[in-house]
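Consider the single chain below, provided in structure tokens and representing the form predicted alone.
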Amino acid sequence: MIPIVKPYIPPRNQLMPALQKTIYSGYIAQGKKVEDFEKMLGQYFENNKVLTVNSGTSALHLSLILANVGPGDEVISTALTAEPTNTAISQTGAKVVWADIERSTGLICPKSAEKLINNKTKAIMIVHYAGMVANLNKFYSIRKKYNIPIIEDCAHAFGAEYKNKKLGYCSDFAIYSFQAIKHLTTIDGGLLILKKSSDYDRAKKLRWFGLDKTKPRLKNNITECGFKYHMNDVNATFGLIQLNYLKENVNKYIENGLFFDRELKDVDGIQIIKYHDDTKPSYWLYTAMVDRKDDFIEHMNSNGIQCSSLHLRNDRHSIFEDGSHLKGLESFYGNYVHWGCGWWITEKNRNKIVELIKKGW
């Protein structure tokens, strides 16, 4: 079976000596390796205000706190995403308000989001779903018009670009996930990218109980309750070795995604996503809309290609409001599918996928 997702593990002769050196160094908590990893990530994103954390969910929670989201507030979000996008909002005590998605992309719709803005709205959560990039031209205009912070959930979109810059370059708050199956993994972990120095300084304390790690423990004074959200040197070491293979691996996702875009554009029964202007997706999953979705999935799976919708629309969970009134979501959810296009998809694999689809289902 050709899987939808698969973790990349660096070669043993590169990874194990580095891990052993860190593990037996006598220091395995947040230290020099975390600093080194953050420095390298800062160079990649052309923004040195980056903070590693223990998960993408932790990064989401911190971004919401930094946006001053709390009980009684509202955050506009999308139901087509992995659940942590929205459970993190609920953690703050705020209400999740569903914007519709674009029928053509599955991404959060700026027109729908703007209609929901009121005096309780504290932030708009954008998800760059499956590696596709939302309509940032319009969302950044909305941010400027209403002075509402934008939080960009880039968990699926490492390597994606807006105006030839990596996502996070000009965001108020951008988060990434380094969970096992993402473009870059530290086994588990996450990243928070910030625009303001004041947010960066505050976040550094919030990820470590509210303590200032630049001061001795006995001379600290907690002024705001924080969390145990930091990354450790073992995970950071794993990430540092991964960075050696990052460009090659991300390029494989993109090359395979572009191949499917090109080869399937005129196939009956399948509709290729039209990506937004000024954006370049990183194809964490390959996404397409198909006729007779259930038949298509069965056709693919029975021929050794794992295929599914992967994520349950979040409004189906009882902790959130029902989103059946969202026409774009209803339309897209009934037709979209994913299959793998990552580093493990060989030329033989991708040709098999295309040939199978062209046979019909």
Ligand SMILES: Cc1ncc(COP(=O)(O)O)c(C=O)c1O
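All residue numbers are counted from 1 along the displayed sequence. Small disclaimer: the values here were computed from a predicted structure and weren't measured.
There is another form of the same protein, the form predicted in complex with the named molecule; it is not shown, and what comes next is about it.
Taking the partner as it appears in the predicted bound form, which of 324 to 332, 37 to 45, 54 to 62, 22 to 30 has residues with heavy atoms within 4.5 Å of the named molecule?
The contacting stretch here is 54 to 62.
Using heavy atoms and a 4.5 Å limit, would one call residue 226 a contact residue for the named molecule in the predicted bound form?
Judged by the heavy-atom cut-off of 4.5 Å, residue 226 is well away from the named molecule in the predicted bound form.
With a cut-off of 4.5 Å between heavy atoms, is residue 84 one of the residues that contacts the named molecule in the predicted bound form?
Yes.
Closest heavy atom of residue 166 to the named molecule in the predicted bound form, within 4.5 Å or not?
Answer no; every heavy atom of residue 166 is more than 4.5 Å from the named molecule in the predicted bound form.
If we define contact as a non-hydrogen atom of the residue within 4.5 angstroms of the partner, is residue 156 a contact of the named molecule in the predicted bound form?
Judged by the heavy-atom cut-off of 4.5 Å, residue 156 is in contact with the named molecule in the predicted bound form.
Which of these residues, 237, 177, 287, 77, gets a heavy atom within 4.5 Å of the named molecule in the predicted bound form?
After the contact test, the surviving option is 177.
Just give me the single entry in 204, 276, 182, 122 that has a non-hydrogen atom within 4.5 angstroms of the named molecule in the predicted bound form.
Contact residue from the list: 182.
At a 4.5 angstroms cut-off on non-hydrogen atoms, which residues of 114 to 152 are near the named molecule in the predicted bound form? List them in order.
The stretch touches the partner through 127 alone.
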